[in-house]
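Shown next as structure tokens: one chain only, the form predicted on its own.
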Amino acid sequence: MTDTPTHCPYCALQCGMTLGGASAAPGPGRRRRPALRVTPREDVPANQGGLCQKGWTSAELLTVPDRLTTPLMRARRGAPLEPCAWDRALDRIAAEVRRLRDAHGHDAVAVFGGGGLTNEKAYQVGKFARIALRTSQIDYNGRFCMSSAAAAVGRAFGLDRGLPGPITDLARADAILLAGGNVAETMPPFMRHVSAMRSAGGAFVVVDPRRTATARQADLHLQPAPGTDLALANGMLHLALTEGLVDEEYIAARTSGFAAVRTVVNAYWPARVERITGVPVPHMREAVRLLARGRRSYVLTARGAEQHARGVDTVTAFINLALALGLPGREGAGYGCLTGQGNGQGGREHGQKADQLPGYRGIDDPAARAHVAGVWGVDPAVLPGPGRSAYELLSALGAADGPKMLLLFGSNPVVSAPRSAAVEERLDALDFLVAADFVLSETAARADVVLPTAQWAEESGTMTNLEGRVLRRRRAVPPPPGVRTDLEIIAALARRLDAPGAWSADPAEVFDELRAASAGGPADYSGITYERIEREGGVFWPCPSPDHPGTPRPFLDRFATPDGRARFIPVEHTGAAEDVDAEYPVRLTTGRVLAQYQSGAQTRRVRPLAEAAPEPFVEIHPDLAGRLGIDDGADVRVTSRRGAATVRARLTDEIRHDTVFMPFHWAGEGRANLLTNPALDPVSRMPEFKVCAVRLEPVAASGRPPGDGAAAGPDADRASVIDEPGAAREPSGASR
């Protein structure tokens, strides 16, 4: 077969790779399809020839033994899922939509999308919800990922772009502060840019309650208690003021609102912030001095700072620090947020969010409604208004005033949503559940109809990486017989529902429509074409015309606010929504590991990844474990106010004495999201994944539940996973 240049199916780094001909015959029990050879690409700036273990093994996703190749349907609730023909499955779905819509109104049917969908699919899912279903009830799992940073960046700069410039700018920085990110495990190739910076004399500062693989490579590690990042950022700004490190000229020329922030941070004197966070004052002072020592420094945030009930304010505090130092809007400097999911940036720009239309337009903006309705060929009046955010939507399923039917694309909320046992109950309360997936994930296993979908290398489209660079994903092989793409599924359902307008299943045609719908919006793709992406290796949005060069650095001349100035916004530390007490005396924080990705529906099925990270665990400091009588490798029950999980103990001195850590990639009794707190940020509606109160108890050997997700193969737990890459030259997965 011809070599196909494309991009990894996992994280937002979107590492470049080439898929080539068969490197080996399929193993025993594998479907008889050629095994593709993965080769990293040197011409993609994000990874520059590196891949992580997930990237190296990504082609194995195409031949997992339990892959679905025919629709499945239940004859009735409680009956088993059985194979059926496509027409029968699609006819049944359309009939249920009509029945429930006639009985309960348009909002009786809901849609839940995913941050891993291509731009074309994200756009078409939003269009389908608004004019085929005419429902306001649509959101997506990116609400659990980027929403707090997006809201904070939008209100400070007027435009939500993940990084303020190309990722290669990082290598020339004087310093980088990364708050709440473990990129050495979640996107390892990112670290080559950090390493280049350090080799040239730059400093790397990491803020994390754990001494992660990333923190071990830092010049300075700040280790705050979970939920105290906002106080830390305010305290660092206080130190910048008292030590004369703020850029007063920049503040006067390019910002507004600093006086109110100055007043607030006056109350965050160093000793107070040390008491709140546990970070020693000398460490805070050193971090500020490192950032301020040159004009080319970055403040970056990731999920650890964002997934809180005050996540928007926490990100805002770090933006305030960056603005006070004069960083945003300078070439080779600024504030940035690290997008997580593969299309986390593009997936939130084109209509999957409850409050947005394509082009990052507000759904309640009359001009935006008129423009998009014109592209779609409908009256603006038929477009619904804003709907429920992700967790609120999941919580309303099956309720008296909530949706009675859900169509799910590219998501597995049974594993990924907070307080997931309650989410299971709501899914079971639905009249009808439809899941489009490539395997029978934990959520798909509860569905009334499951539609088998094509995988990343079997379809074309575009992705927008963490830089805001629009990239081509190219089809290397056809899907297996019986499998359809999401665009084909949406088009078939739209025709059955007599939806107005055009419903193409051709990604190129859908992208052309997306370009028209986005024209004039904040995320304007109208000047981007497949041909330009091919020719230029990707195009940065906004790009409003074919002769526009794209916008790799959007804030150099002015910010996207009405007056062109960045906004300082005063924010106060209030602590986590749930504090520790005598009954639940330990803080739990959650996150990822190198060999797994998101809910695990994909990576847990890839044998090398399942062998590298076979089961969930809880990291505990030896001092805490000693007080609780917990041995390394022993079974531990971790209990919060929402549920209990049983996992193995992993003792390490690289975590705080008062904090434990659990990764969230596994299903079953070791599911971290059985415990997490769904307290929502008032602006972004992001749940507080990163901190809740728990207690730990040793479990007798006889009390351990059966292992879940430890194997990958025909007899493995039929779980669910998602995606993510990093850096390494060899298939071992080690960093180069």
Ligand SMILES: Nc1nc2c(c(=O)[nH]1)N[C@H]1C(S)=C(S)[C@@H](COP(=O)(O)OP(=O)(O)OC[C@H]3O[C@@H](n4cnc5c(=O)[nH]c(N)nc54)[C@H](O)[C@@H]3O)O[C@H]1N2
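These numbers were taken from a predicted model, which means no experiment stands behind them. Throughout, we count residues from 1 along the sequence that is shown.
A second form of this protein, the form predicted in complex with the named molecule, is not displayed here; the remarks below concern that form.
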Here the chain is shown alone; which of Thr453, Thr646, Thr135, Thr462 has a heavy atom within 4.5 Å of the named molecule in the predicted bound form?
Thr453
Selected contact from His308, Lys127, Arg348, Arg161, since only one has a non-hydrogen atom within 4.5 angstroms of the named molecule in the predicted bound form:
His308
Should Met187 be classed as touching the named molecule in the predicted bound form when contacts are defined as heavy atoms within 4.5 Å?
yes
Contact flag, Phe157 vs the named molecule in the predicted bound form, heavy atom cut 4.5 Å:
no
Whether Ser599 contacts the named molecule in the predicted bound form should be assessed with a 4.5 Å heavy atom distance threshold; does it?
yes
Against the named molecule in the predicted bound form, would Leu594 count as a contact residue? Criterion: heavy atoms within 4.5 Å.
yes
With the partner absent here, would Asp355, Ser395 and Trp666 each sit within 4.5 Å of the named molecule in the predicted bound form, counting heavy atoms only?
no
From the candidate stretches 127-135, 439-447, 379-387, 530-538, select the single one in contact with the named molecule in the predicted bound form, where contact means a heavy atom within 4.5 Å.
439-447
Considering only 41-62, what residues come within 4.5 Å of the named molecule in the predicted bound form, judged by heavy atoms?
Lys54
